[in-house]
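First, one chain by itself in structure tokens, the form predicted alone.
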Amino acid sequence: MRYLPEFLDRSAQEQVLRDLREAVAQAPLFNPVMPRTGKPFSVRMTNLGPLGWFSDRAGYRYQASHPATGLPWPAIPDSILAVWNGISNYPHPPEACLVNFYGSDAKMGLHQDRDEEDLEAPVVSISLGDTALFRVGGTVRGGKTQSLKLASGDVLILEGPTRLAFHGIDRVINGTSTLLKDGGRINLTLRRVRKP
């Protein structure tokens, strides 16, 4: 795992945010639900790129269109692709950029990113807005975990042995950033889905 604090300066964060606003106008945030229970996630999400990650009663999967509009996901903006190109050490572009919006009470339980065919490619995570308490463990559920505060502009890369590490967000620390006018946190997760 690589942790790059303050990888994006304020002006780069603001550019990503502008690009995101344009994309979300085409692909609005939605509330996914858990497959078995139908319980809504506490985060709202959307996607950018050729494929988007999605969850509903039928299960977890990638699909090429927004579940509400039926339209293809917007392209991943250059400001976000530049992060992948600069630090992924992977020769192929990402196919999915999952956009998670965390309100003040949102969190994400420990999970693995394993719905992709290409597990050789890293998972690149970009944090914007309020600081989050990130928890990461090993590749087996129930093992020892450690916590890390992810602030606006921080980038985290799960690769190699940590590509399948269990990870999640315990809580968002409100009022720690002025990037988002009404507070909250945005996490962008870049992934390669299919094998090249």
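Numbers for residues come from their place in the sequence shown, where the first is 1. All values reported here derive from a predicted model rather than from experimental measurement.
In what follows, reference is made to the form predicted together with a small molecule, a form of this protein that is not presented.
- Out of the listed residues Leu119, Leu81, Met108, Ala75, Met108 is the one that sits within 4.5 Å of the small molecule in the predicted complex by at least one heavy atom.
- Only one of Thr145, Ser65, Thr162, Ser55 lies close to the small molecule in the predicted complex, with a heavy atom inside 4.5 Å, and it is Thr162.
- Arg192 falls outside the set of residues with a heavy atom inside 4.5 Å of the small molecule in the predicted complex.
- At the 4.5 Å threshold, heavy atoms of Leu98 reach the small molecule in the predicted complex.
- Although the partner is absent here, Ile169 is a contact residue: one of its heavy atoms lies within 4.5 angstroms of the small molecule in the predicted complex.
- Taking the partner from the other structure, the small molecule in the predicted complex has a heavy atom within 4.5 Å of a heavy atom of Leu158.
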